[in-house]
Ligand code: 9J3
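One chain comes next, on its own, written out as structure tokens in the form predicted alone.
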């Protein structure tokens, strides 16, 4: 008969686990419920690579159109939101299109992000020629409408908001985060802005660039944006491999995966998603480069 000998560290580990479980039982919580009790903002089941790469998450999604005639400060848009109210309120994200573009160019992100447990507002801008500073103000106007006047305002936790945008909308994303430091997450997608430095930002920011971008080259836009962010800020730089300036205009698994992870981690404070951001993702067929500071705080 083979004897199994356990070292003292293993015994101590087992003992610690037993004590922890006993503590949970003493509070009336099952072990799986502890994380949810510690973080009331968690939404949805525990994530996996397949769940965040899927075209849809665990929530059924409804949508409603917002006419430009019924709002001021931006050009209307479409709100996507989890149909069920059983889980309480959700964080919210507003997304701006780029120069000369309409909300249809970023529409794929609406249901994809909403199905993971967010209220998402893809907007049109006042004119398609609006510059980044104007788009930044419009993102904030859309957030204010969404949380104060929209038909889904009661589904939203107004303390947990984020912004995203493509091209000049990405530049506008940085402008919005600079103006409203209470925002929890910002994601400029192949962003364009004449301002290259953003040391004032206090919002966790994921900068997404594309290696083949000839409109807003990473060397002139995304990389300087990222490098100028404070070293103490939760920040990351994702450079897409084999991509162009317009890659964010079509359904893209890599953009979705890391956007979902970033929004979950910082809007929902959901540390279950830290595993997809730290250790830093390695170069692959879809990732040219990934930089960041880990672990996130």
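Residue numbers count along the first chain shown, from 1. Note that this is a predicted model, so its numbers are computed, not measured.
This protein has a second form, the form predicted together with the named molecule, left out of what is shown; the following refers to that one.
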property	result
Option from 75-83, 111-119, 176-184, 98-106 whose residues, in the model of the complex, bring a heavy atom within 4.5 Å of the named molecule	98-106
Contact flag, residue 257 vs the named molecule in the model of the complex, heavy atom cut 4.5 Å	no
Exercise: residue 90 in contact with the named molecule in the model of the complex, heavy atom 4.5 Å	no
In the model of the complex, residue 208 touching the named molecule (heavy atom, 4.5 Å)	no
Residue contact check: residue 192 to the named molecule in the model of the complex, 4.5 Å heavy atom	yes
Sequence-ordered list of residues in 224-260 near the named molecule in the model of the complex, where near means a heavy atom within 4.5 Å	245
